[in-house]
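Just the one chain here, the form predicted alone, laid out as structure tokens.
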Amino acid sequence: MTEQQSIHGVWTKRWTFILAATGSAVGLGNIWKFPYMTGENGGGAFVLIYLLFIAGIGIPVMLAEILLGRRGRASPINSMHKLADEARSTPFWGGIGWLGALAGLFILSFYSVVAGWAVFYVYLMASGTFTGQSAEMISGEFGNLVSDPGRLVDWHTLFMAITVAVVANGIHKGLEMAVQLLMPLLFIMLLVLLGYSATQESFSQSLAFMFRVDFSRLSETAILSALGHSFFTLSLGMGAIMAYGAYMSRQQNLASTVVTIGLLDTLVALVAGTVIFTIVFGNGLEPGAGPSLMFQTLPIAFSQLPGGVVLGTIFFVLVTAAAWSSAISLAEPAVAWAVETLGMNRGVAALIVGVLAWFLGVACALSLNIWSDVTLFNNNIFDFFDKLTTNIMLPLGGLLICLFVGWVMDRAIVRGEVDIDHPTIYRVWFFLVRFVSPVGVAVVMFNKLMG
């Protein structure tokens, strides 16, 4: 295949791509899901297993997915069709791109609803709504929000609008400018919160909970949860990372860049967990509160802290920034395909994709209240899209990526693209992609479907 450049442009600098890909990976999964999963699964042993899976499965699959994007130089759909032709293989492999683009659209729909909650909580915190209020009132505020269809749709609409505005402006004026603002802001806010946490007596208790390994607290369910989250936290299988890889310069070293992204994503999750558990333990609250940890447990804690209004506002701005940087990457695969294949103006394409995701998101929001009796396969609409993407579409996409790179692509092309100079390290990575990662992803998928 003749060397080409993406019609959408190329990331200006290596670190811009690192920030963009890290922004795609860092989202609600790092700051919301990872801490509550750690709390539910006993702390340090879960964290250790999670880190092992990140190294053994997550990073190898990410390297494979970005490799496909950079080789194809187009949207995931068109890249996979090109690469299947190059490998003289069945057009079936183009389905990887379609699967990822659809998964990204579905995820964006319900993700925007949850991100809207975070935006609303920025307002609640900054306005001092929770100051001096009882735990019951603070905890009940989230129930009031979820049961109010008008407010849910309003905040979902606001978040979707700012997402579309970024994507519509293209790589340089949209995506690059957004990640160059959002990611440094995210890191600064995280460091501020970590600095505050380090001054608290409960900081050592938080560190012990996060990093002291007690395998007696590790269940089979916890291991499978760590395996699943290590894969999904890096935004794999949804086309976003492949799309971003298409804009990566040929001069950038692929392997070292991917390792940097994986380390930054993991570091954010670990720091966020440490901050959250410091606040939780310092206020005598329950670390295993589950999904309610962010929107019910933490606001109670912030209301009891000196300077809690400021700290709580910073925290929810952090959450919003992380969600925003992920959301723009979810929209990009479908928008890029529409521009390439249908000849659409990018702004029009972004608007159409955004409106489609918005409509699906409205259905997700209403399924939490007035449409709660509407079910798809015994789930409300919100849970259906969540489970469809998390349990089927993403692991299937990741599995197919591993099989294509490991078994279908020409090995000389893979070796040339991957930029791993040390032969032993290359062989280890290729073994992981061919054998270990597919098995791991298949186990996750089977467990989710059966459980």
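Just so it is clear, the model here is predicted, and its values are computed rather than measured. For the two forms, the rigid core is made up of the largest set of C-alpha atoms that agree within 1.5 Å on superposition. Sequential numbering from 1, following the sequence displayed.
Keep in mind that the form predicted together with a small molecule is missing from the display, and what follows is about it.
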Within 4.5 angstroms, counting heavy atoms, which one of the listed stretches 134-142, 248-256, 233-241, 293-301 is next to the small molecule in the predicted bound form?
233-241
Single option in Val114, Ile107, Val166, Leu152 placed near the small molecule in the predicted bound form, where near means a heavy atom within 4.5 Å
Ile107
If we test each of Ser367, Thr320, Ser329, Ser206 for a heavy atom within 4.5 Å of the small molecule in the predicted bound form, the one that passes is Ser329
Going by a heavy atom distance of 4.5 Å, is Ala20 a contact of the small molecule in the predicted bound form?
no
Contact with the small molecule in the predicted bound form for Asn30, defined as at least one heavy atom pair within 4.5 Å: yes or no?
yes
Is the gap between Ser24 and the small molecule in the predicted bound form 4.5 Å or less for some heavy atom pair?
yes
Core-aligned C-alpha movement of Ile54 between the shown form and the other one reaching 2 Å:
yes
Superposing on the rigid core, do we see a C-alpha displacement of 2 Å or more at Leu186 between the shown form and the other one?
yes
Verify the C-alpha shift of Gly116 between the shown form and the other one: is it 2 Å or more after superposing the core?
no
